[in-house]
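As a starting point, one isolated chain is supplied in structure tokens, in the form predicted on its own.
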């Protein structure tokens, strides 16, 4: 069988150990579309690892300007090919061309690449620190090893293994990348990789700085994740898959930055409901069903008081969900996992208020609303199961005190949201609930649904386990996201001429450095 070529060792070539082939599917019909892509064996994975490792030192020692030039050229190439990229991604994911792919996600992707380039030029990600009295100088530096990136199914551009935030972050830190594309959008990934390859040629970086593999089986993936020649792993996907890779990586001492699952609790405080409950019901429904609910920040659990205003909110939300047509999901796998998640919630005591059914064609599932008492929720940990899709669970509480109990019971999540009244009447309730919720979420949100992530240096797209594998890092926002793929290098009494550029006394580039506890960008001895 003829399959699409792999990008390995600076060239496009056929798989040398073909274990099988697969095609993308049209989510609206379930029918295969596009060309066949290879299921790689260990030989191709080993070749990609060897090729990436061989250029790691060259990339780490290379001029930062070439890295920045690559990132900028890649962004420009994506924009030049935007129409074709959007067409392919739409066919493979059924995500709408407008506004989602063309006006939101693709610009976000190019913006991430350019922000990474800006961080490279400013040395912002290196975080230089100088202690003149002790003769110590420290900064973040490349790993001098490849980074393995696994892309998720829900962002064919912005989190794609060959173009997204993990990719941009790893390259910005001057590490080669082995990109493992998601099988839900292989043609999109291939098209992006061809643009990336052209940008490598244009910028003068080693062509083996980027490798692309489309798919491999669990055993091959586990062996790769556990290979000590890797510098780090970036993963976004299911909890089971991420933890399996992390276990293999941990055994080999390879840092694994994994985004796993999150139900993103939303607390509707009493004053907010009394003030604008009907509007909140519409806002909640829109957020839960946006992108067919296939966001890692989807509002999966909403905490609602058991009072008249809460009852009115539930009634309005239920009507919205009941009237909605089934949503198209990415794949059969997503549909199967969603059905299993809803079944788990029901078996733990949740009642279906609306939805809970599949569509007639393709991979469709009706927007689904469930409800459960706070008492049952507190007794059943399985009610925190993530149902990845247009599904949310209402938790009915008797008062603010029980809201705080529910907040304290949550596992780690990416986000937590509180809605309060505009007139300030919920101030005390906010403090009570937020105090319980704050340690359990990466991002605390006020009066806005959690769906969506801004590409900003101040963004935290991370959180306590099991939302991610480490609460101290973010997968979005430059330069912070870059630091995941770095090593902390310290220089003790090293001669000036042997120091990295940003740690020397002279600072002609005006790099911002922390010198003896003060952030400054001049030469040492000039202040």
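Numbering follows the first chain given and starts at 1. Source: prediction; values computed, not measured.
Not pictured, yet referred to below: the form predicted in complex with another copy of the chain.
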Can you tell me if residue 282 lies within 4.5 angstroms of another copy of the chain in the predicted complex, counting non-hydrogen atoms only? no
Answer with yes or no whether residue 222 is in contact with another copy of the chain in the predicted complex, where contact means some heavy atom within 4.5 Å. no
Would you classify residue 35 as touching another copy of the chain in the predicted complex, given a 4.5 Å non-hydrogen atom cut-off? no
Find out whether any non-hydrogen atom of residue 409 is located within 4.5 angstroms of another copy of the chain in the predicted complex, and reply yes or no. no
Looking at 384-392, 287-295, 305-313, 139-147, which stretch has residues with any non-hydrogen atom within 4.5 Å of another copy of the chain in the predicted complex? 139-147
In this chain shown alone, the residue from 76, 378, 445, 207 with a heavy atom within 4.5 Å of another copy of the chain in the predicted complex is 445
So which of 240, 454, 80, 325 gets a non-hydrogen atom within 4.5 Å of another copy of the chain in the predicted complex? 454
Within 240-272, the residues having any heavy atom within 4.5 Å of another copy of the chain in the predicted complex are 246, 250, 251, 252, 253, 255, 257
